[in-house]
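Single chain ahead, written as structure tokens, the form predicted on its own.
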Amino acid sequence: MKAVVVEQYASIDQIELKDVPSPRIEAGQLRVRVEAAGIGFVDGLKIEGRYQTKDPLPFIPGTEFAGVVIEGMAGGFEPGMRVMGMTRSGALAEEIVVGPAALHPLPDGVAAEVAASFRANYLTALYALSGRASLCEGEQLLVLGAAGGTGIAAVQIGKLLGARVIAAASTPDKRDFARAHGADADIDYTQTGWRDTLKELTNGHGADVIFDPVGGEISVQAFRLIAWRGRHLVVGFAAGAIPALPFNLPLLKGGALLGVDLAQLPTREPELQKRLMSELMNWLANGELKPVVGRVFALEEFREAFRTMQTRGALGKMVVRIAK
């Protein structure tokens, strides 16, 4: 089978598409023919060996996928069933072998490209906004990096939870993109006066909840405008720098800094994950939630998919189409 193979931690330009043996299947596992795989910021860090945990070399990157079960029967899954899944690695390949816990049945009418861009971003957003921040109807939600994969998911989930969503992004195209997917207002956080704009948009109240996958100095600036008893969600550091927050700010604001680590959810809060996934799947099945797909690339174009994501020029999540 064809697969993207990381033999040494390196930039994406040095990673190759290779012919490798299909993965072995053991009792209780399922073999899935992968139709599409999502590309996330974490995938890029793993390839370069810069993520907080390193995958043993060699490995096939890719954590999120959609496809069809072609071998095995376990956990109610059987050959022919359309599924979407999430695993540690291995998705950027024509086949993947996983346990049933990694899979969810795919609702009728949901395209593989949509499913491959769904689980990680939207579960992160719902876990952050509902499971961690307890976002309430009518609250002011500020989403930093609102046009990225997790950012646009937070915009959509925030609206479903009844919040007033303010999208912060760096270009007109990104702000228009966030508006088109439900944001009530937008801010250009590259402008020196953006905090004054936020004050005006919230009538001096500030943001009740800040969804922050960006990091860097923008995070500290945003926290300075948090509402009383506000909650700042630390989702990631796409800007590349981990901010240092002066501890007097949470004291003065009565605010809380909340970490969002989706990787720990299955082991630390499995029942919460089950409940959140059930809620997401219901929204997906009944059409209340329409996940945003960014650009779709062929498997041979995987490097361009990563480069687009890493340059932060992406609108939504990048997807690699692997098989029809």
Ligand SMILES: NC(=O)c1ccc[n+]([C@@H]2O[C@H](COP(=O)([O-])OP(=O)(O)OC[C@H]3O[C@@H](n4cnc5c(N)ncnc54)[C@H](OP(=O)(O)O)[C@@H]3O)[C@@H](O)[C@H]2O)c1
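Sequential numbering from 1, following the sequence displayed. Keep in mind that this is a model prediction, so the values were computed, not measured.
Although not depicted, the form predicted together with this ligand is the subject of the following passage.
K.L.:
Just one of E288, D261, E26, E269 has a heavy atom within 4.5 Å of this ligand in the predicted bound form. Which one?
P.N.:
After the contact test, the surviving option is D261.
K.L.:
Verify the contact flag for I226: yes if a non-hydrogen atom of it lies within 4.5 Å of a non-hydrogen atom of this ligand in the predicted bound form, no if not.
P.N.:
Output for I226 is no: heavy atoms all beyond 4.5 Å of this ligand.
K.L.:
Check whether A133 has any heavy atom within 4.5 Å of a heavy atom of this ligand in the predicted bound form, and answer yes or no.
P.N.:
So A133 does not count as contacting this ligand.
K.L.:
Using the partner position in the predicted bound form, report whether I166 sits within 4.5 Å of this ligand, counting heavy atoms only.
P.N.:
Flag for I166 set to no.
K.L.:
I'd like to know if G236 sits close to this ligand in the predicted bound form, meaning any non-hydrogen atom pair within 4.5 angstroms.
P.N.:
G236: yes, in contact with this ligand in the predicted bound form.
K.L.:
Kindly indicate whether G67, V114 and V320 are, all three, within 4.5 angstroms of this ligand in the predicted bound form, using heavy atoms.
P.N.:
No: no residue has a heavy atom within 4.5 Å of the partner.
K.L.:
Out of the stretches listed (279 to 287, 55 to 63, 292 to 300, 261 to 269), which one is close to this ligand in the predicted bound form, meaning heavy atoms within 4.5 Å?
P.N.:
Looking at the partner contacts, the answer comes out as 261 to 269.
K.L.:
Can you name the residues of 108 to 136 that have a heavy atom within 4.5 Å of this ligand in the predicted bound form?
P.N.:
Contacts from 108 to 136: N121, T124.
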